[in-house]
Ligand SMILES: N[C@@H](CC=O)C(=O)O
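Shown below, as structure tokens, is a lone chain in the form predicted on its own; questions about how it binds or moves come after it.
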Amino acid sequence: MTSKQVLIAIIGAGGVGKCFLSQLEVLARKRPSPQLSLCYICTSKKALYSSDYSAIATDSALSTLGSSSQTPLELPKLADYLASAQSKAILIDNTSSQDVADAYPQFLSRGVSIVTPNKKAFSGSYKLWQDIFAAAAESGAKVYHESSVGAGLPVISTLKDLVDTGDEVTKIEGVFSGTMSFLFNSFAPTSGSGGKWSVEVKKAKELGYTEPDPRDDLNGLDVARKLTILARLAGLPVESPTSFPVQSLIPKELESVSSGDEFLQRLPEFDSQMEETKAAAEKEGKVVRFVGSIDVATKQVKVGLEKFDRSHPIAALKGSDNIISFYTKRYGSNPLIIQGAGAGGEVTAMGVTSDLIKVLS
């Protein structure tokens, strides 16, 4: 064991986890010091680790994990394991698990830094948010979560820089969901007529842009979680993602149907509602988009449908891109705009990897 070594523990080896592993391999080659050593990796069922923290080869980690007979350590035990090492340890949480998120203060208070795309840690109860950052401040461990909003886009780091350098953020507005972006860009394009709502939802699911049950995207909660995170960073003590108005695009009658498939089957019955919304916007020469906004002065946070001029940057988005506009004192009437792919394994993992580099620095 040398101080020139940093131990890496990974929870979650799905889409983002796989991409992160390959990026970790490249990073370890490019930055030989400190030496990055993978000492623990687990899925929900299997784990791979040894009591002496010996390094797991990153290139074969997934196949070795697949045939492992070890089961994951319970979270308090994993905290013990990492805190007892001779070297500094960093936990990479690639899950969206509330249980793992709830355990962050345990890890941080014992000096284990955390890097994660997990939104639940930072958009859950305001108390958990406070506990996480209090634990980090006390022990000096770091916690970074760039990928919890906008995948690899530098949204959180930009907002932190604005706040830390004394700029005054007055408003944050944007399209925060790749799914919603894709849907509205094809349902209500800036030119041409677009398709029927139910057809576009079905298409988005087939292309892998939605969750297995599209209602998990259409209820607006994913966007509400991201807004909760940004509002808190901007200084508003938002209690939870359900403490402000969030417009759901799920017809009342379909909220309780048993499956995503049944939902898609019945969705065409409700196309007229969305058609009316689209037509009302067109009458004003505008298009409709699903956006989130934070008005810092009036402390108002909201998520839902808004109308935009066709020339507005939010209207002109392409594909499944995200766009986030920061209105601040310094930037005046023209906002600072961040735009680009806001979803996908590779770009999400990139956000995680760049956070890891920050911790190492």
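Basically, rigid core = biggest C-alpha set you can superpose within 1.5 Å across the two forms. These numbers come from a predicted model, not from an experiment. Sequential numbering from 1, following the sequence displayed.
Note that the form predicted together with the named molecule isn't included here; everything after this is about it.
The named molecule contact at Phe107 in the predicted bound form, heavy atom, 4.5 Å: Although the named molecule is absent here, Phe107 would stay clear of it in the predicted bound form, with no heavy atoms inside 4.5 Å.
Exercise: Lys119 in contact with the named molecule in the predicted bound form, heavy atom 4.5 Å: Lys119: contacts the named molecule in the predicted bound form.
How about Ser113: is it within 4.5 Å of the named molecule in the predicted bound form, going by heavy atoms? Ser113 lies outside the contact set for the named molecule.
Is Trp197 close enough to the named molecule in the predicted bound form to count, meaning some heavy atom within 4.5 Å? Flag for Trp197 set to no.
Stretch from 160-168, 260-268, 178-186, 275-283 whose residues place a heavy atom within 4.5 Å of the named molecule in the predicted bound form: The contacting stretch is 178-186.
Which one, Tyr144, Trp129, Tyr209, Phe290, lies within 4.5 Å of the named molecule in the predicted bound form by heavy atoms? Selected residue: Tyr209.
Can you name the residues of 339-361 that have a non-hydrogen atom within 4.5 angstroms of the named molecule in the predicted bound form? Residues within 4.5 Å: Gly342, Ala343.
Would Lys171 count as moving between this form and the one not shown, using a Cα shift of 2 angstroms or more after superposing the core as the test? It does not reach a 2 Å shift.
Does Lys88 shift between this form and the one not shown by 2 angstroms or more at the C-alpha, the core having been superposed? Superposed on the core, Lys88 moves its C-alpha less than 2 Å between this form and the one not shown.
Using a rigid core alignment, state whether the CA of Arg232 is displaced by 2 Å or more between this form and the one not shown. The answer is no; the displacement is under 2 Å.
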